[in-house]
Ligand code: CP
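Before any questions on how it binds or moves, here is one chain, the form predicted alone, in structure tokens.
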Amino acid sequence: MNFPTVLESINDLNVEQVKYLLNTADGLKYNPRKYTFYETRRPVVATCFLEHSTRTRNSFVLAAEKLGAIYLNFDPDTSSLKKGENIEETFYTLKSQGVDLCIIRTPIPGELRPLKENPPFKIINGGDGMHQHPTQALLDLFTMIETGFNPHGKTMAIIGDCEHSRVSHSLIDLITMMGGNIILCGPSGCLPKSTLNPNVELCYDVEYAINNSDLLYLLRIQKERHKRFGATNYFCDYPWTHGVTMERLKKLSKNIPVYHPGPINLGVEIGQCIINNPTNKHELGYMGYEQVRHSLWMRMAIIMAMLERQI
């Protein structure tokens, strides 16, 4: 199955490609002997993170190494970018050094799109500003399915800074593609003005969102992405207006899983009691660590698919 040379957004994939990735990740999870060790020529997989990362970068590093690839850490802070070299020239230098695939994170939305015309190597978007984070959405879907939640015909409430979150944009595209519905909930400055997707509903009332959903996905207030502020007020008031705690869920009699992509603002969008109640089943509990655990298998599957190697 052919995959795009540049995986910039969820919309670069179709349903069959998504199912292929889910099946591949499942095979890697349950049959570790199926790891692909490249025997003829080990591919070179690089990371280029122009924004900070803990979960995404580390899981891609582990995924590449488990597949037997040569891993190259491109550190922009110690590179010729600091001497004025532009990013395109840097990428062609990496290509000349043998890089086959690069996972790129950039603070600029859509910066990877022009590379689709003449890509220097295969590219995976590791997050571009407020635009997209496709591999996060894919690993979230994999986690849901592996823990007993099929989004088809179900409703997921995404609560938090939906407008400024690249994760929410990718989840909207992916979950609705797979037949699910989404409620976007948050303060007014954290929601889009409108939605053209008939499977997406906007609301400000957190209790309505919780009551009408089968799964909660929480997002932090991204203060760094709010240009003019109001965001400080959101942050101060948020625990009472939209924060999700065990007490609030029990009061509403909602026994549903709670997801969070991290990093967490503890005590703001999510309460400590939920963090202290991890689960790997489709029931009330914190799924964040399961998301991190399943990220390895899905990102291995994505690397393999991009490099056109199958298990």
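These numbers come from a predicted model, not from an experiment. All residue numbers refer to positions in the sequence shown, first residue = 1.
Omitted here: the form predicted in complex with the named molecule. The next part is about that form.
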In the predicted complex, K281 touching the named molecule (heavy atom, 4.5 Å): no
Contact test in the predicted complex: N125 vs the named molecule, heavy atoms, 4.5 Å: no
The named molecule contact in the predicted complex: N31, any heavy atom under 4.5 Å: no
Partner contact for R248 in the predicted complex: the named molecule, 4.5 angstroms, heavy atom: no
Partner-proximal stretch of 53-61, 240-248, 22-30, 281-289 relative to the named molecule in the predicted complex, 4.5 angstroms, heavy atom: 53-61
Stretch 122-153: residues contacting the named molecule in the predicted complex, 4.5 Å heavy atom cut-off: H133, Q136
